[in-house]
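One chain is shown next in structure tokens, namely the form predicted on its own.
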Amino acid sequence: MTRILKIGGSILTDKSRELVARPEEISRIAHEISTQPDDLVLVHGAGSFGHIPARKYCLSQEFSREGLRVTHNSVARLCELVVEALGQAGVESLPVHPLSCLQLHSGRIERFLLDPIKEMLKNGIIPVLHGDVAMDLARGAAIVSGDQLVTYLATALQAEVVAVGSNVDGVLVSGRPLPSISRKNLPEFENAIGGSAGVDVTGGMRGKLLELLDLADLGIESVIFNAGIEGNIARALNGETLGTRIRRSK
């Protein structure tokens, strides 16, 4: 059973300050993952390590060789912190940098070399991916969000559990999490669903939800939950419904 866990950059970093990680949170998350590490693919957001340099170099609008180098090196540094914390928690993992293994077309994943990820899973190693920059056939280069990685990997690997951890209790409407949402009832709540606190070049909660609704349409449901609450990651990996469930429209 393959499981996909995404941890938002808002949990791992201070999104208002460049290159400021939250080592205590990274360590806590690693120890929670260590209770259920089997058949797990971990994706993490870029947080301030990615969004701030990407905005500085206007990578959403412009091609910048320097910007690509600076932004990738920054997010790779955050990934290194996550892999190191997992090792200290007794879990073996390896970084998988999207820049080196996938091709975009107009900002969407067109090709993805998945064989190394499958071999890692087969050998008891957690692949750790992250929001990144990647080469794009139409634009030269573009940003690939952790949320897009989640939907692609969940489909390609036929994941049975997909859990997306953020710094809020789910999809909030009037400050309270919706128990569930589908594409069918999205219009009821769409105007109330916002973006992200801090700098975010990939769409915040709205972008996350749209990716997961696409995934639900393919028959794979998911949850958006608060990964900042101790114990929630283990519950989500166990397949419990917490936060907001993203359901397939009937």
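Throughout, we count residues from 1 along the sequence that is shown. The structure presented is a predicted model; accordingly, all values stated were derived computationally and were not measured.
The same protein has a further form, the form predicted in complex with another copy of the chain, not shown here; the description that follows concerns it.
Heavy atoms within 4.5 Å of another copy of the chain in the predicted bound form are found in exactly one of 207 to 215, 48 to 56, 65 to 73, 184 to 192, that being 65 to 73. Checked against another copy of the chain in the predicted bound form, the candidates V173, A142, L157, L99 yield a single residue with a heavy atom inside 4.5 Å, and that residue is L99. With a 4.5 Å cutoff on heavy atoms, S106 does not count as touching another copy of the chain in the predicted bound form; it lies far away. For P179, no non-hydrogen atom is located within 4.5 Å of another copy of the chain in the predicted bound form, even though that partner is not displayed.
At least one heavy atom of D136 is located within 4.5 Å of another copy of the chain in the predicted bound form.
Of the heavy atoms in S93, some are within 4.5 Å of another copy of the chain in the predicted bound form. Heavy atoms closer than or equal to 4.5 Å to another copy of the chain in the predicted bound form belong, across 105 to 132, to the residues R111, L113, D115, P116, E119, M120, K122, N123, G124, I125, ordered by sequence position.
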